[in-house]
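Form predicted alone, single chain, as structure tokens, below.
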Amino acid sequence: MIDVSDVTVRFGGVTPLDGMSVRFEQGICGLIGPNGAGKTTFFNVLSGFVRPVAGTITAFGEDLLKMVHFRRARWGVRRTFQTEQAIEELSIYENVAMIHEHSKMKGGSRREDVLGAIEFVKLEGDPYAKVRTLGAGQRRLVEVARAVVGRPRLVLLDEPAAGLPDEETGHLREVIRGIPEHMGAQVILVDHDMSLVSAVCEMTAVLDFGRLLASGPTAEVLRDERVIRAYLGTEEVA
């Protein structure tokens, strides 16, 4: 469970997060909003790349903001990015193993853990193939494997389905659904694909101009007139 209270981030005269307060329950939660709403900034706060000027974040009873960023990785915060982070000239195995090195898991279990993460995302083929030889959907699965290796506690997925065709999005959907049960981690998903968010997220929070617009069960949130007006782009309801 992640409790966020009055988190504010300022960059000069810009306030990408403005008093954000929300609770993300265990399981898979969605975080949606228009471009520039503050979603990636929030992920950067959770990851330790950005420090808020105010507010608190408690993750599983621990003060997340008191941890320096490299300790958060060892504690169990993992994420994907909108741009791929895997190194093209390294193999799938080597890319996933790099992340395992920063986990709290012992090195003696590395091979088993890394191959287990690759198998979990159902990435078929040779785990020692170079990432540069993979298609877009396979590369996205490498990113997810890097995020789930080594028993993470909190997995942040930043638009993992962006640009993927329906079949590959469907595969990714099933992988994401399995993370809490098989990896024991809480997931927060940012994506513009509302069908994906609806299919995997028990609850969803909506940001608009850095402020929390709505939060609750996903189906209810997506029917909220304020969300429809601000995010889905339909005409204002009288």
Partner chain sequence: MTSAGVRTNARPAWLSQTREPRTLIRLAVIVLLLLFVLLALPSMLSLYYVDAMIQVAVYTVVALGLGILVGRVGLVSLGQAAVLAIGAWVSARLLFATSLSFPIVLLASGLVTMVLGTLVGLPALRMRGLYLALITLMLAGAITVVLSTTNFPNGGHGFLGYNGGNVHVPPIRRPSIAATDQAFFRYTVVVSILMFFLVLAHVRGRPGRAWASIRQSESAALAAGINTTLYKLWALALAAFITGVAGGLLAGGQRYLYSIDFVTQDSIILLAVVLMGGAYSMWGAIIAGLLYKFLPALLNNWGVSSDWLTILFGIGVLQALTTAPAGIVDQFPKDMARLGRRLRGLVKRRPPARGEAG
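Positions refer to the first chain, counted from 1. Just so it is clear, the model here is predicted, and its values are computed rather than measured.
This protein has a second form, the form predicted together with its partner chain, left out of what is shown; the following refers to that one.
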item	value
Its partner chain in the model of the complex reached by all of A73, R79 and L123, non-hydrogen atom within 4.5 Å	yes
Position in contact with its partner chain when the complex is considered in the model of the complex, options A86, L141, L134, L154, heavy atoms within 4.5 Å	A86
Partner-contacting position among H192, R173, R211, H182 - heavy atom within 4.5 Å of its partner chain in the model of the complex	H182
Any non-hydrogen atom of H69 within 4.5 angstroms of its partner chain in the model of the complex	yes
In the model of the complex, E112 touching its partner chain (heavy atom, 4.5 Å)	yes
Exercise: L164 in contact with its partner chain in the model of the complex, heavy atom 4.5 Å	no
F49: touches its partner chain in the model of the complex, heavy atom cutoff 4.5 angstroms	yes
Sequence-ordered list of residues in 12-46 near its partner chain in the model of the complex, where near means a heavy atom within 4.5 Å	none
